[in-house]
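What follows is a single chain, given as structure tokens, in the form predicted on its own.
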Amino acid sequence: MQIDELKEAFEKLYGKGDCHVYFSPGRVNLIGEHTDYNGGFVFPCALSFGTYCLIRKTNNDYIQLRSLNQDKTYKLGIDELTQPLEKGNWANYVLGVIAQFIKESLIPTCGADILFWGNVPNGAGLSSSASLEVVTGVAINEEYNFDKDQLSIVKYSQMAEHEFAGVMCGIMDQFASGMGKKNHAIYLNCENLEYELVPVNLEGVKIVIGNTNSPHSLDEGKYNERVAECRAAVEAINPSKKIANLGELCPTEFNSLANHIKNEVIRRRARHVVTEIERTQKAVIELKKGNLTAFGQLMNGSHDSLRDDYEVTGYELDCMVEAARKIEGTIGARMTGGGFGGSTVSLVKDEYVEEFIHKVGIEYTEKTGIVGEFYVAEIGDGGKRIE
């Protein structure tokens, strides 16, 4: 939808009058998966599609929430904004962010009419929830003159996910949605939030996202299970070497300590994290040198580790990645996001993009019975007011 169409929809719902428009993007992670909650490095970029928020303050003592992607409208008193609704409700992502402001005594002084619309495919692993959280934070912060910086909004958004959605995610998704920059990826140290905006110069190459249309749902427990397994690995290592998280270990150190993790599954989980952090560090170095072949090989290694050691890929993601790697012009292909369904990301030479989409689509459907979708990604800016 265009901005004018969104404004028309807003006026149909809430009546005529000016409103402000905000936008925050979804993200794709080029490499560095399941490392963020382990204090490691990630390398995501913001996308050009995401979530729009139209907002108008009112003299009412309630806030109205509506999404054009959902059916129900919510009308909540200002004193009701700190309690989550039933599990799985989209409005929890919004309320969770507002609740973080209220915790710091930043309380809306009047009501508001709010409308959301997103073009991030739900369940595609491209961070539709983080996009919704960040755009809420940016809009509430500016409309009510709360004067919080963008990093605070990113942190509020992560806490909303923890407290209102029940997903103990790291900060990568919200950070990419809030802090992204056009044509740059974010090399982020999730332990201390130091980051570098790295130009993504892909001359002759496109980023192609493949949506398996096998939706992932991170609140079903598998994500939190992996978080717990990584904590168990840390606990097993601590008697021999005191660490706060797995991100403190290089592969050599891990190999010398791995025998202390008696559970073989937990040992494999930890091995993925430690090796994935190293792959991410190497990938950034290779990208800066313009060595896309090496970058692509590291992407491939990332997927294989996520498949074999971390076990978060699944049949559909593996089928799409296998098909992608058969195309001559594919430089690298891997799952992206939390896994358990969702999307793949591939680097594909320009002249092979059409062939990639056609052939990968056919093979994927033949193997899974599901029709996938493909997007040639553009890297955009982080959350901001656009009108």
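Quick note: we count residues from 1 along the sequence shown, nothing fancier. Treat the numbers as computed from the prediction; the structure is a model and nothing was measured.
In what follows, reference is made to the form predicted together with ligand GLA, a form of this protein that is not presented.
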Single option in Ala91, Val208, Ala236, Ile171 placed near ligand GLA in the predicted complex, where near means a heavy atom within 4.5 Å: Ile171
Check each of Phe101, Tyr223, Tyr74, Tyr187 and return the one that places a heavy atom within 4.5 angstroms of ligand GLA in the predicted complex. Tyr223
Look up in the predicted complex whether Tyr37 has a non-hydrogen atom within 4.5 angstroms of ligand GLA, and give yes or no. yes
Should Gly338 be counted as a contact of ligand GLA in the predicted complex, where contact means heavy atoms within 4.5 Å? yes
Look up in the predicted complex whether Gly342 has a non-hydrogen atom within 4.5 angstroms of ligand GLA, and give yes or no. no
Report yes if any heavy atom of Pro44 sits within 4.5 Å of a heavy atom of ligand GLA in the predicted complex; otherwise report no. no
Counting only non-hydrogen atoms, choose the one of 46-54, 27-35, 317-325, 64-72 that falls within 4.5 Å of ligand GLA in the predicted complex. 27-35
